[in-house]
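Take a look at this single chain in structure tokens; it is the form predicted on its own.
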Amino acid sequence: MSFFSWGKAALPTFSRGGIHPDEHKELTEDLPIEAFTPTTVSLPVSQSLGAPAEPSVVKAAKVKRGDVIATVPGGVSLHAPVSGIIKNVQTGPHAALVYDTVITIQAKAAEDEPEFAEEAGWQDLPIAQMLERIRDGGVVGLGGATFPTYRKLMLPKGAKVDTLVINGSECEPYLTCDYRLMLEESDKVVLGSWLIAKIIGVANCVIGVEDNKQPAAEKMRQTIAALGLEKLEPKVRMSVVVTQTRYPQGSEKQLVQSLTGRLVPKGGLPLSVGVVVQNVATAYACLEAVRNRKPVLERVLTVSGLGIKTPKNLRVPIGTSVEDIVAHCGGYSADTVKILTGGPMMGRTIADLDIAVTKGTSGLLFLTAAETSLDGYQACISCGACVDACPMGLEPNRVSQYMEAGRPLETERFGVKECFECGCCSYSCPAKRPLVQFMQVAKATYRRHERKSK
């Protein structure tokens, strides 16, 4: 197993690159999850990787919490997170796509609100039925990737998998929603992890938690012992491994190496080395979908940064607007210069408070000038800092130079297609070059070129 040490006791970690940005987790790590439900929600239909869902409701229709309001043929559905009246189905803002079809619901409690109670015998359901409930529940990767979970758990024929890795790293600065989930809902995270292990047919489950979240690691260990999982069939060995706090520890390939010592090959997936990776929030959602037949209606996110008046960890319905969350948190200060969805490393800047929370929204950050840089960038000084920081061993400096020269389709040799946009390169660059953005544009250019070539 590989180790990377900064004068602390050696803990498992990945072998190449990585950085240790200021964590800023102290702003919210001790704040319990607080529920907030607005009077109106607006749900973009593009909530997972793949084709967008098609609306199945019209203006003025009545819906109950949990009703399907948009569908993808053979894919994951989108559900009403609140009961009420369909106010509009029209084009609206989207954090990643700029614009999308948006379904707006005016909340109004129904007389027969669904309870989503636990079903007896859920542990013994056939695997196919468990997968069907996960699909019908609209479960996607809640760590931010939003890949349909049922598809990830439907292993290809002949796949040899022996280990499930549950990602509790939450390595992005500021974010503490997964940390609070592990502390407050550890039983659901552990049972959801057992459920996933059963579905994919493995007897070994490792939960990875960074060492800046020791209380969560201890809570998960206590819960594993208290739940008596040895009484369930199949028996799954569950363990919690504390890893070094190092960004991007929560990336699949890096976490697999940290916890198992296995190197995922270039162009490969964890599946190619016998591992499946799922986020703690996704494990929680899988349990609710199978045990309670509850679809993904809400999510926990962190609202933080020195610009927000009252930082919080919130559980909000999907479709809650940034504007409503800001109001609930007391507003933001005049010296806020940047608002992000997600974390500071991989999140997206937004300029419209009408943007809605989606299934993949892990945080909202309100950053002041003291927390971020708005300075212009300079020419590459060929220092190699970005190459040293890149956990994939790529050459972001060369990609940026070729992009500036108008030669994006010549960047594959520098590894652009292997980039997962962690932002280590931009963070480490003394010339303040937007290296990850150059990588993003180059990748997008390749995708357009490949579509045209078909």
Partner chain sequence: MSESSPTLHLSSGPHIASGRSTAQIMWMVNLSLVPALLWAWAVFGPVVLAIAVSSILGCVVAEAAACKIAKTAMTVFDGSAVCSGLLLAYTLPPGMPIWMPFIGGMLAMFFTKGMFGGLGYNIFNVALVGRAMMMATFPVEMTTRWVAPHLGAAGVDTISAATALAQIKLGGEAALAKLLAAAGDGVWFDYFVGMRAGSIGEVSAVMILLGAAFLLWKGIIKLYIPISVLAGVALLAPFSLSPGLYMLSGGIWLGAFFMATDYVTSPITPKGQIIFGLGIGLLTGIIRNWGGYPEGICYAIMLMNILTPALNDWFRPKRLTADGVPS
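Note that the coordinates shown come from a computational prediction; the quantities given were computed from them, not determined experimentally. Numbering follows the first chain given and starts at 1.
Below, we turn to the form predicted in complex with the partner chain, even though it does not appear here.
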**Message:** Is R315 part of the interface with the partner chain in the model of the complex - any heavy atom within 4.5 Å?
**Reply:** no
**Request:** With heavy atoms only and a cut-off of 4.5 Å, decide whether E132 touches the partner chain in the model of the complex.
**Result:** no
**Message:** Within 4.5 Å, heavy atoms only: does K62 come near the partner chain in the model of the complex?
**Reply:** no
**Message:** Please determine whether V436 contacts the partner chain in the model of the complex, using a 4.5 Å cut-off between heavy atoms.
**Reply:** yes
**Prompt:** Of 51-59, 36-44, 383-391, 64-72, which is the one stretch near the partner chain in the model of the complex, taking non-hydrogen atoms within 4.5 angstroms as near?
**Reply:** 383-391
**Message:** Only one of P93, P114, G274, P173 gets a heavy atom within 4.5 Å of the partner chain in the model of the complex. Which one?
**Reply:** P173
**Request:** Find the only residue in L232, V161, I350, V242 having a heavy atom within 4.5 Å of the partner chain in the model of the complex.
**Result:** I350
**Request:** Counting only non-hydrogen atoms and a 4.5 Å cut-off, give the residues of 27-48 close to the partner chain in the model of the complex.
**Result:** none
